[in-house]
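Form predicted alone, single chain, as structure tokens, below.
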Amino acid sequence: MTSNSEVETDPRLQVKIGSVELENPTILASGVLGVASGGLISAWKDGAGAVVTKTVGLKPRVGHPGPRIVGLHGDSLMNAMGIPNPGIGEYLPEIKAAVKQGVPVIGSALGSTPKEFATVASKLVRSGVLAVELNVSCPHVDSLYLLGMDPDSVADVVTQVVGKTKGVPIWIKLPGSTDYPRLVQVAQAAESAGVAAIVALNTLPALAIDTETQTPLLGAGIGGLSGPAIKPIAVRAVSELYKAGLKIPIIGVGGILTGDDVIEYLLAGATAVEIGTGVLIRESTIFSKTRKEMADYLTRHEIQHISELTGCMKDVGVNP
């Protein structure tokens, strides 16, 4: 476990995601502050248990035309970035700079084929990341979204990646979807193929239109909805995955702004959470604030350790 000397440690918040040990269950999600090492280091210094890098592929990718991100009512956002990145070769120095500072880094990998995913993942592993998160679920890159909804294709990717990464844990990020049975099938296929954790969910496919110009607000048209608007959908996804009996940890993501939001995901079945849009809304101090709020919750409810909350949602039965 990597210790963050700038943040007071609370043993009650320490969690294990398979072999990955973190000082608390909050993780910076891919794409918000992970573009450069400075953002990764900043989130960790504020108290994130770990950080996920910007999704990176084998070759540079320009991404979609602007506008790429728009704000919506209720602190939610839509984005259609198109996964712009400089390619793994150019990005590795940013990862290594964060790792050198002691930051627990999770590398986010992109590929157009299983072989490309494996190649990128292996390069991330050599840079010193603790785990690799496979992005098979971006809603504004059609090929990835379709890949992430197909159990066999996901299993192929995971199998090749696991074979190339020499025991480093592999996580997989599921698509934003309300097709919960299909998400369970994908997660089960990934687990059978050797994945170490499930991340649920990515942003949801969505569309917003400017009524004055009568055109989409985003340059690419369809984008990914994130923030509080998707939290109930993602919490249910975590619950469905947990009830399906997965033997690997689940990491919840979507709409987390407070420590209470984190607790909600844990009660549904998550072991940890990722925070993305919340960083844009509340800035990086969201990690220190959620840590304090989680600790206060444990004290208030006389709970010895945060892991006791995972999957402990009480069943209220079916309304007549």
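Start at 1 and count along the sequence shown; that's the residue number. All values derive from a computational prediction rather than experimental measurement.
Beyond what is shown, the protein has a form predicted together with another copy of the chain; the following relates to that form.
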| item | value |
| --- | --- |
| 4.5 Å heavy atom contact, Asp142 and another copy of the chain in the predicted bound form | yes |
| Any non-hydrogen atom of Ser239 within 4.5 angstroms of another copy of the chain in the predicted bound form | yes |
| Another copy of the chain contact in the predicted bound form: Pro169, any heavy atom under 4.5 Å | no |
| Leu267: touches another copy of the chain in the predicted bound form, heavy atom cutoff 4.5 angstroms | yes |
| Per-stretch contact check against another copy of the chain in the predicted bound form, the hit in 153 to 161, 107 to 115, 244 to 252, 169 to 177 (non-hydrogen atom, 4.5 angstroms) | 169 to 177 |
| Partner contacts for 84 to 115, taking another copy of the chain in the predicted bound form and a 4.5 Å heavy atom cut-off | none |
